[in-house]
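Take a look at this single chain in structure tokens; it is the form predicted on its own.
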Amino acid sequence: MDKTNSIPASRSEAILNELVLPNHGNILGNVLGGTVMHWIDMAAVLSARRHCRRMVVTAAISELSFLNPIRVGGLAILKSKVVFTGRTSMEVKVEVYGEELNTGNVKKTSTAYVTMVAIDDHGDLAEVPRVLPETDEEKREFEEAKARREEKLKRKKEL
């Protein structure tokens, strides 16, 4: 991979913590899925902006799963990082964890892949620097994201 105009994936890492309050919860006492989706979008924005230093918009959210609930009174921890870049787009991986503050128990609750697109001051598409995966895990995530992108482009052509 050409390292010219490349930015290490680690430079885009962001952690967002949200205290789950009663207004975030459903009648079962768990955080609403839509609220988690909003937080995922905010975490993705942070990582994408750190990577390209431009305004970004959300183009797609894929592979979102809800594995475990986060209870009202707990802490939602969102960890995000750019894992792949195209010409104007970035795929951001967002992992969500729930922490029970009384016990310190932490469980993974969600994973999502968010496609963000960079825009300039006029609202036009803007090119982004390449992401440089450095660790074995980052290289694996890059290849997986590349395969997801190729599959999306293939489906788009079929429409």
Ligand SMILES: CC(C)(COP(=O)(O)OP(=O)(O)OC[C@H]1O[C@@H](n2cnc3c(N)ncnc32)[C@H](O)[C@@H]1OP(=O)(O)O)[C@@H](O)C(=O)NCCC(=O)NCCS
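Please read these numbers as outputs of a predicted model, since none were measured by experiment. One rule holds for the numbers: they count along the sequence shown, beginning at 1.
Beyond the structure shown, there is the form predicted in complex with this ligand, which is absent from this document and is the topic of what follows.
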{"property": "Val57, heavy atom within 4.5 angstroms of this ligand in the model of the complex", "result": "yes"}
{"property": "Any non-hydrogen atom of Gly73 within 4.5 angstroms of this ligand in the model of the complex", "result": "no"}
{"property": "Non-hydrogen atom contact Arg149 with this ligand in the model of the complex at 4.5 angstroms", "result": "yes"}
{"property": "Leu32 within 4.5 Å of this ligand in the model of the complex, heavy atoms", "result": "no"}
{"property": "Contacting member of Met37, Leu46, Val117, Leu132, with respect to this ligand in the model of the complex [4.5 Å, heavy atom]", "result": "Val117"}
{"property": "Proximity to this ligand in the model of the complex (heavy atom, within 4.5 Å), stretch among 24-32, 109-117, 94-102, 64-72", "result": "109-117"}
{"property": "Partner contacts in the model of the complex for 122-159 (non-hydrogen atom within 4.5 angstroms of this ligand)", "result": "Leu125, Arg149, Lys152, Leu153, Lys156"}
